[in-house]
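As a starting point, one isolated chain is supplied in structure tokens, in the form predicted alone.
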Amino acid sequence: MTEILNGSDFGGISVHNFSEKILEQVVHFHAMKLNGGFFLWIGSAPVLSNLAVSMSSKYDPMPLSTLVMGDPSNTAANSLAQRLAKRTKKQVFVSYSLPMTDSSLSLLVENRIKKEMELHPENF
């Protein structure tokens, strides 16, 4: 049985939303647990500006990662997807729709995701 938090069950897909104020900016997180992986959207406004996917490979200890859509010069989604795939051993889709104005913001965002994964591992 799938436990559903902050959302609904859509044929095996569970939805989990959480938000936090980080560096004076409200950051929203939307996680969709999929069969064998998850999708994670991070942003302050409802925009899907990029999408990266990462998954483990038997040929390399570092997961494979690619940008599906968005600006290739912005590597935030790609690198976050890769680190999350390595941590979870799952296929991970990430959309990182926050401005890259402060380098410490991305570190604080990633720490918040790790905290949520520890508190609610059933959602990832």
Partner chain sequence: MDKMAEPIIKSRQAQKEVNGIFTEVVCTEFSNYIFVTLTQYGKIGTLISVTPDSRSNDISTPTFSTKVLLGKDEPLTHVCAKNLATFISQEAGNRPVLLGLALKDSSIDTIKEIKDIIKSCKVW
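Keep in mind the model is a prediction, meaning the values are calculated, not measured. Positions refer to the first chain, counted from 1.
Not pictured, yet referred to below: the form predicted together with its partner chain.
- Though the partner is left out of this view, residue 90 does not reach within 4.5 Å of its partner chain in the predicted bound form, counting heavy atoms only.
- Although the partner is absent here, residue 20 is a contact residue: one of its heavy atoms lies within 4.5 angstroms of its partner chain in the predicted bound form.
- Of the heavy atoms in residue 72, none are within 4.5 Å of its partner chain in the predicted bound form.
- By the criterion of a heavy atom within 4.5 Å, residue 100 is excluded from the residues contacting its partner chain in the predicted bound form.
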